[in-house]
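We begin with a single chain expressed as structure tokens, specifically the form predicted on its own.
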């Protein structure tokens, strides 16, 4: 299982933009084509139509994939400057390559809670592919999954829960934030209190929007013992793009 996120840009030569993202046992390859001319049935008179297709690791897509497509499509439509491309189509294909193994859960059962852990990987792969395709966006986005697990009478928050943790979780939450620290996506399932949700929100916010300070024109991470826990998704996204740009400009 990939604990530290890994990402590669421009992995598909025939697509306008592409990316491969791996984290928490999930690997997703995303391709982006567009803006291109849309079919008449998909045309929007004043904005572009964002079409998201999720393909499972094996077999054909079903209800689970349609649910994931609706979540990702709604989030990306808020990020992309769709009004700049009326009557156009932006197609995003997300191919799930690997998922974490779990001997305790029957993966043939279609359960909504099993959809949530892969949402961050799908969203991060899509955002990286959009950047690779140079599609104009008002902001980037990062996402995280947090589960509330009850163990021995006490409740604890588990970031990026394993399938075993999901089986024991009292509630599961997926949250996404824009690069402006705005809440983009919030999906929850299970029984939880307002106080527990507030704790989930703060945990996800620390991972997705860890604060930075500027010193002499350089962004410096505020790294203390509390904030150091978990992956810093915003910095990871930025460093991935910086590495790609540096590699492309190396010949100069």
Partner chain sequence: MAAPSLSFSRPVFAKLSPHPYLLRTLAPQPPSDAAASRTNGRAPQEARPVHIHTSSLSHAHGSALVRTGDTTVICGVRGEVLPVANIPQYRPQATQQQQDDGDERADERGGLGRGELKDYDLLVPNIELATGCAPQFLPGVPPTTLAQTLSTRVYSLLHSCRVVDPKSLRIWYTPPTEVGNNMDTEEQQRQQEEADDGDDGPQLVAYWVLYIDLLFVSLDGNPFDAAWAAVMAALRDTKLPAVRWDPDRQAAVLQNNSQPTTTTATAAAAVPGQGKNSIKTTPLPVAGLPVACTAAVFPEKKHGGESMAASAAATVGNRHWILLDPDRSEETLCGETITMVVDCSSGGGGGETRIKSIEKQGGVVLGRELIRGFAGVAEKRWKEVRDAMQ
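Computed from a prediction, not measured in an experiment: that's the story for all the values here. Positions refer to the first chain, counted from 1.
From this point on, the text means the form predicted in complex with its partner chain, which you will not see here.
Participant: Would residue 43 count as a contact of its partner chain in the model of the complex, using a 4.5 angstroms cut-off between non-hydrogen atoms?
Facilitator: Residue 43: no, not in contact with its partner chain in the model of the complex.
Participant: With the cut-off set at 4.5 Å between non-hydrogen atoms, does residue 134 touch its partner chain in the model of the complex?
Facilitator: Looking in the model of the complex, residue contacts with its partner chain do not include residue 134, since no heavy atom lies within 4.5 Å.
Participant: Examine residue 156 and determine whether its closest non-hydrogen atom to its partner chain in the model of the complex is within 4.5 angstroms.
Facilitator: Residue-level check for residue 156: no, no contact with its partner chain.
Participant: Could you confirm whether residue 185 comes within 4.5 Å of its partner chain in the model of the complex, counting heavy atoms only?
Facilitator: Looking in the model of the complex, residue contacts with its partner chain include residue 185, since a heavy atom lies within 4.5 Å.
Participant: Within 57-84, which residues come within 4.5 Å of its partner chain in the model of the complex, counting heavy atoms only?
Facilitator: Heavy-atom contacts to its partner chain in the model of the complex: 62, 63, 64, 66, 67, 70, 71, 74, 77, 78, 80, 81, 82, 83, 84.
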